[in-house]
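Taking the form predicted alone, here's one chain by itself in structure tokens.
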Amino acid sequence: MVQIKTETTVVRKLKGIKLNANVTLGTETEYGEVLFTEYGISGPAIFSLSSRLDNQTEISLDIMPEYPYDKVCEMIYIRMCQNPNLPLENFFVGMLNKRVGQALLKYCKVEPLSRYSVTMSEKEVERICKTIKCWNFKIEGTMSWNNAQVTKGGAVTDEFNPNTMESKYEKGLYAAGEVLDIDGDCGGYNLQWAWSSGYIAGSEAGEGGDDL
């Protein structure tokens, strides 16, 4: 579980902003919180997908996952009709984070932001709606191992008794948590595994302490 580095033109402008999105990497999609950073994107949804990067070159965000494409378009046209003289820099206030809305418009080349909303063309609205539902970011790698919250690999689980956490080959040797080759999704699963396996290993080691 680690942060993903992306092309930074957009994300640097949004540093520190969080939003809920459907995040798609290849054929897999995760819903959850996304945090924009100066180097890319972070947050639970990103952590859940980060181990599955493989050879993927893009990751996409649906930043209004609660609405289908047609509904997003309808909402934008209604807003244009109700607020024809609203400057584009404030167009998405109340619909999206203001900075996200401004970055979205710039990404879609709907500028200058001093324009009134009524001046947006049908093609521009279509481009905006498509980006809201599928905002692509070029992947440039991940943060380092030192930044990872959970890592894969470790002692082979088949070599330890799951009921005691003791090695099957070395009496008195116990393992727990990430020492073993076990990792789970984001959401507290790894912490729970560490606590539960640690409790079992500690209890069993304590009971067998006189034999060590």
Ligand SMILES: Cc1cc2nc3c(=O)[nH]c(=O)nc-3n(C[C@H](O)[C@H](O)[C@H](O)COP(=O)(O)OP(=O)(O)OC[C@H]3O[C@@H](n4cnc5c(N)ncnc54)[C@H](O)[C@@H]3O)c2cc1C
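All residue numbers refer to positions in the sequence shown, first residue = 1. Only a predicted model underlies this, so the values are computations on that prediction, with no experimental measurement involved.
Although not depicted, the form predicted together with the named molecule is the subject of the following passage.
Enquirer: Could you tell me which one of M64, V34, A176, L49 places a heavy atom within 4.5 Å of the named molecule in the predicted bound form?
Expert: When the named molecule is considered in the predicted bound form, the option within 4.5 Å is A176.
Enquirer: Taking the named molecule in the predicted bound form as the reference, which of S60, Q56, Q149, N161 has a non-hydrogen atom within 4.5 Å?
Expert: Exactly one listed residue reaches within 4.5 Å, namely Q149.
Enquirer: Answer yes if any heavy atom of L191 is within 4.5 Å of a heavy atom of the named molecule in the predicted bound form; otherwise answer no.
Expert: Yes, contact at 4.5 Å.
Enquirer: Specify the contacting stretch among 25-33, 64-72, 183-191, 162-170, defined as having any heavy atom within 4.5 Å of the named molecule in the predicted bound form.
Expert: Answer to the contact question: 183-191.
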